[in-house]
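Below you will find one chain, with nothing else, as structure tokens; this is the form predicted on its own, and questions on how it binds or moves follow later.
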Amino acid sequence: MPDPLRLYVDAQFTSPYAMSVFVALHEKQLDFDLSPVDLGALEHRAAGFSQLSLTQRVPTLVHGNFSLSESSAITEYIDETFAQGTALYPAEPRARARARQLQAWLRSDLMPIRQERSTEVIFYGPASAPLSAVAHQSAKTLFQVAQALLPDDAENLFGEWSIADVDLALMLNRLVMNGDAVPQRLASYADRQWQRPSVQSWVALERPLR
């Protein structure tokens, strides 16, 4: 019997990083159990989970007696461990490195967008406040990077789909789904990525009322 897989995610199902791993597991056609963690109740600090997750964060993936947190580390582990299903990263070394670079940048930069357009605007409804000047500047940077990476008339960033497409689409959809101005080419790209069945499986999860 193969080692079982269990994915710990936020109980609201709004974490972009939990979504990335959830999508990766579906793309790899892997069976796994999903365990919500109530971050508001500090369940991630409780003894059981803190002993399981080195960084006490979601997502955390447990594979047999091995556990791993931090989403891009998890998606790389999944891709390198399981040959079945869809490849999560490009095969060509430079494209693969670029995909990893994009993932790291989306997780470490663009803080004004992440603060003013949290993923709640996607899963619960739009925010009423307009973007601040600094968030507008972050959006401009996001658009410049996305347009530089996305070839004209391309469905994906690197030819074949990769997990980086989901991560970029989610960042763009923070703006698109809130009604903020996004270049049409990028908005169309984000919408196409959002229709992927693995993504829609995450969207369809039943979320608690706010």
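Numbers follow the displayed sequence, beginning with 1. From a predicted model like this one, the values you see are computed outputs, not experimental measurements.
A second form of this protein, the form predicted together with a further copy of the same chain, is not displayed here; the remarks below concern that form.
When a further copy of the same chain is considered in the model of the complex, only one residue from 178, 69, 156, 35 comes within 4.5 Å through any heavy atom, namely 69. Stretch 49-57 is the contacting one of 49-57, 24-32, 178-186, 160-168, since its residues have non-hydrogen atoms within 4.5 Å of a further copy of the same chain in the model of the complex. No residue of the trio 43, 117 and 174 has any heavy atom within 4.5 Å of a further copy of the same chain in the model of the complex. Put simply, residue 77 is close to a further copy of the same chain in the model of the complex: some heavy atom of it is within 4.5 Å. Residue 136 falls outside the set of residues with a heavy atom inside 4.5 Å of a further copy of the same chain in the model of the complex.
Using a 4.5 Å cutoff between non-hydrogen atoms, residue 73 counts as a contact of a further copy of the same chain in the model of the complex. a further copy of the same chain in the model of the complex is approached by residue 108, whose closest heavy atom lies within 4.5 angstroms of it. Residues of 136-159 lying near a further copy of the same chain in the model of the complex, listed in sequence order, are 145, 148, 149, the criterion being any heavy atom within 4.5 Å.
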